[in-house]
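Here we start with a single chain on its own, the form predicted on its own, put down as structure tokens.
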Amino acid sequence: MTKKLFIKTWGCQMNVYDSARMADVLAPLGYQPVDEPDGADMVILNTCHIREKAAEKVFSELGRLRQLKDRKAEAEDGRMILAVAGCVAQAEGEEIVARAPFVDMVFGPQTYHTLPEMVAKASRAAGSVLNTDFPAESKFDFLPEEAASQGVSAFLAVQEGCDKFCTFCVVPYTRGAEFSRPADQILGEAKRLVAGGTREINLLGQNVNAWHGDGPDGSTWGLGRLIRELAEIDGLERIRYTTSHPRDMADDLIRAHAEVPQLMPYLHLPVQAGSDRILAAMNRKHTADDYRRLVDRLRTAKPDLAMSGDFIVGFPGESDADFAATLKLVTEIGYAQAYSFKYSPRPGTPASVDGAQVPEEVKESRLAALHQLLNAQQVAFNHSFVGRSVPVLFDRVGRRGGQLLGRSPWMQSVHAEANERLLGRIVEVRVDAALANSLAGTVVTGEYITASPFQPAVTLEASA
């Protein structure tokens, strides 16, 4: 009998990947994904602990879902199994069980390969099933093969966990120590994705460039070697990776940016701050000049490389001079896209007990100033493409009729009027207009269009 599964995902791309794999694990039990929680037989909240008040947002959502759970039971329409997964579950599982005893399962990001066992226990038990262990075995060794089609662009987790212990971050405590999947396991998954129609793969990890996996030849590979092997897969047109750490950018990986055409010219490389004093307090173990020199090397290897980054303002003890150093670094580097946040204490992290917390109004004003600078850089970067033709991988249908959406090599969202037969193809698009977060363009006619493994190449006519 088919059962309805609804998964709500917060946070990083790794969580998006995990949610898809949870659905794969549950598929043999008859669960099929649906778009709404109402009437679902199982609801999973896949949570993120990075943002401020993350746990309270989960409890608020659970309050709404409890009503749906009760309504389903009262209607004698079966039982809704309600679960909390992910990093909030890992960090605060016991509190979730205590405050929300109506939750049937609470499990961390390393245990979802045991979902069939947890579902069986939840079906029999009166209380909650709590599983926040860090098992000795890798979950990747026990996951089933992914669903046949993951879409034109797909995520592929290659590395998980973190050994860096930045003083603001909970990831080492919620995801565990750094772990690299073996190369043959990754290559096998990538080949299955491409056979299912995927054209672009985004390699994922908390510190993805720390990946050092066992190679089929018995040696240890780095991420640069893995990317070169992935590029040999027929039909894989684009490769990306995220999120990187400046301390793990090996020479071979930098060379891959120059030498592997499938590796897209876009790099998310968080620096967090421009002040050496604050970087030391964050335990980043690199200086602002280390970061500058690294970006110079990357841009020498790949001159058209677009940079993205993460920034935290208002870290404990941050002075006006420290914040000015961050603005100076941003101005010098120039970002095509970036994410910036106010510091918020994460329970259990060293920075959360620092006595030099920055007042909220100061954090607000600094964030506004940083946003203004980063947004201006992003707008300027996008406007530099007006009048140019760029290759766009169309991966979804737009909101307007006859509109397709895709991404440029530089990770910009691009929309154009186009026939749906171009989905899954890389198409030349002339950029007509630039917005803050996207480009608008026109499909270039008469140009050769690369094909998916299952579609022949076409030459576009004016009606495209």
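Residue indices: 1-based, along the sequence shown. Note that the coordinates shown come from a computational prediction; the quantities given were computed from them, not determined experimentally.
Missing here is the form predicted together with a small molecule; even so, the following discussion is about that form.
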property: In the predicted complex, the residue from R346, R240, R181, R366 that sits within 4.5 Å of the small molecule by heavy atoms; result: R346
property: In the predicted complex, the one of H286, K342, K121, H383 near the small molecule [non-hydrogen atom within 4.5 angstroms]; result: K342
property: Partner proximity in the predicted complex: S275 to the small molecule, non-hydrogen atom cutoff 4.5 Å; result: no
property: is_contact(D310, the small molecule) in the predicted complex, heavy atom dist at most 4.5 Å; result: yes
property: Residue contact check: L423 to the small molecule in the predicted complex, 4.5 Å heavy atom; result: no
property: The small molecule contact at F168 in the predicted complex, heavy atom, 4.5 Å; result: yes
property: Stretch in contact, per heavy atom within 4.5 angstroms of the small molecule in the predicted complex, of 192 to 200, 310 to 318, 97 to 105, 386 to 394; result: 310 to 318
